[in-house]
Ligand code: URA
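What follows is one chain in structure tokens, specifically the form predicted on its own.
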Amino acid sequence: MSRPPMARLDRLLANLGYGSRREVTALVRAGKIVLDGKALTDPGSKVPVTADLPSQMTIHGAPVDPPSPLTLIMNKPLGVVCSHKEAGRSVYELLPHRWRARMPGLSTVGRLDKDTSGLLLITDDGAFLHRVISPRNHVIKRYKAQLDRPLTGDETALFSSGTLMLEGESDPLEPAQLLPTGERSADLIITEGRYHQVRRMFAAAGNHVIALHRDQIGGLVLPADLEPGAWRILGLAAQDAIFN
């Protein structure tokens, strides 16, 4: 059986956002870091970096944060942005403050605009991120759209044609599946992630999206008990379900 990867205690906790290495050293000296029931005394000691570390180590009596790789599922609320650079409150502000100092840093897997809610993935795993967003993998995204005007009946054929061109672009969209759910509402399943794609598709069909919510990525559906603004760690089985 292979041995787990090891890391210096002070470097590991600094990378998890618990402070500088000097600040972590102070925590160690004060006996605030406990591994397997025993207070650690050497900030340079090597500790195993495994997914179950939070069940083995505590800081100030609370479980240590999960080490990298870390992937979260969030029910993104309206009114928050997905970028560190955009103006306004960001999804990162819904996470523990120290997580903004984690290394490697957390990034959203694609984006939902400020006026779109629903399923959002956040990760520090670059390989996982690119696997989800790569057009080659054709990972579906399902959106629930509320529309300003009634559907005409022509949208299904238009969206599935593979010939629809968005304004300002030179490549047609991949075929998408439209499932009307009411006179002015529909589910739309796409396999791409172009800028404001869903809103622009309905605009190309002569309509306007007044509310938009994403509830599925691949085989992963937004849990019904995950409230807006809430998040949880996404296990490996759930991550794999995206691609199945």
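Values in this document were obtained by computation on a predicted structure and should not be read as measured data. Numbering starts at 1 and runs along the sequence shown.
If you look for the form predicted together with this ligand, you will not find it shown, but the lines that follow are about it.
In the predicted bound form, no heavy atom of H60 sits within 4.5 Å of this ligand. Not displayed here, this ligand is kept clear of A204 by more than 4.5 Å at the level of heavy atoms in the predicted bound form. Contact annotation: L212 falls within 4.5 Å of this ligand in the predicted bound form, judged by heavy atom distances. Under a 4.5 angstroms non-hydrogen atom cutoff, this ligand in the predicted bound form lacks S90 among its neighbouring residues. Screening 94-102, 67-75, 157-165, 107-115 for residues having heavy atoms within 4.5 Å of this ligand in the predicted bound form returns a single hit, 107-115. Residue H196 is the only one of H196, R29, K46, R184 with a heavy atom lying within 4.5 Å of this ligand in the predicted bound form.
Counting a residue when any of its non-hydrogen atoms is within 4.5 Å of this ligand in the predicted bound form, there are no hits in 43-81.
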